[in-house]
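Below you will find one chain, with nothing else, as structure tokens; this is the form predicted on its own, and questions on how it binds or moves follow later.
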Amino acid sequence: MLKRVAAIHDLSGVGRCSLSVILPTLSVMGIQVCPVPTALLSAHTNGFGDVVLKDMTDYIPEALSHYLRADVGFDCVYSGFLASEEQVSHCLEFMDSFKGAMRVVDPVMGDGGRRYKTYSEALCKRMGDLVAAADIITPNLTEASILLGESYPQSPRTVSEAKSFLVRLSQKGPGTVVITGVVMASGEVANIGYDREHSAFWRVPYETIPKSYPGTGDIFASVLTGGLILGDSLPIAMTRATVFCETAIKTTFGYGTPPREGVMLEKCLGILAEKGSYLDYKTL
């Protein structure tokens, strides 16, 4: 029987991010995705001017009530962009309603050292409550800094500094922490991870290009989640997600499409259906 995920994220019509990339990515991996939209947007908020946004806060608890009445179960509850503080409570209700489900939180709050305009300090603080209830979190370095109440680091991270970030985030609740896009003092850029149960630290380096595309964090977190649901170990899941994102980014860069359009996911999805060797990880 297929695994089933409740994906509590926004849906942007244009720009290849959030649910528009989460749905095909996890589906290709053989996992059923049940979208629970937190907001509907005409496009993502970076590059398309003023967007149309409809807040779906009231919908989320109603959807949950229906699923419980209909005896619908989930193997994973996976949250991302939230449009209000109240939605944090609704995500927690989802998690509490499906006790055996894997709880994944992508704490979408900012990037490049800056908080997103739609995220108030109060909402960021409430995101900490959601992180505390998670099994797995996937912040970027900006979000990791916000969760720890620290300034965004302006210099590359040493190994000890990177490990400190991971451990201190794990102490807030989640047993597995993965931080994306960390510039290391060695000169490499890597996604780094920590498995508290096994006291294991991992890093997966990747090659960067001089372009930034929206939605890559959503894709990474989705492939990582899919891998873990299917039985990957943390380093294997991290490598699978890193390799796929790097491939999608390089493919898009090679075609020269506008960055605001996101990555050309359609040309790369088949890779996830193939049996690959994901052994590029290293210890941290």
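The first residue of the sequence shown is number 1, and the count goes up from there. Being a predicted model, the structure only gives us computed values, none of them experimental.
The form predicted in complex with a small molecule is left out here; the points below concern that form.
Considering the small molecule in the predicted complex, the lone stretch of 43-51, 60-68, 28-36, 227-235 in range is 43-51 [heavy atom distance within 4.5 Å]. In summary, among the residues C91, V178, V108, V204, the only one with a non-hydrogen atom within 4.5 Å of the small molecule in the predicted complex is V108. Although the partner is absent here, Y152 lies well away from the small molecule in the predicted complex, with no heavy atom inside 4.5 Å. In the predicted complex, the small molecule sits within 4.5 Å of a heavy atom of F81.
Though the partner is left out of this view, V263 does not reach within 4.5 Å of the small molecule in the predicted complex, counting heavy atoms only.
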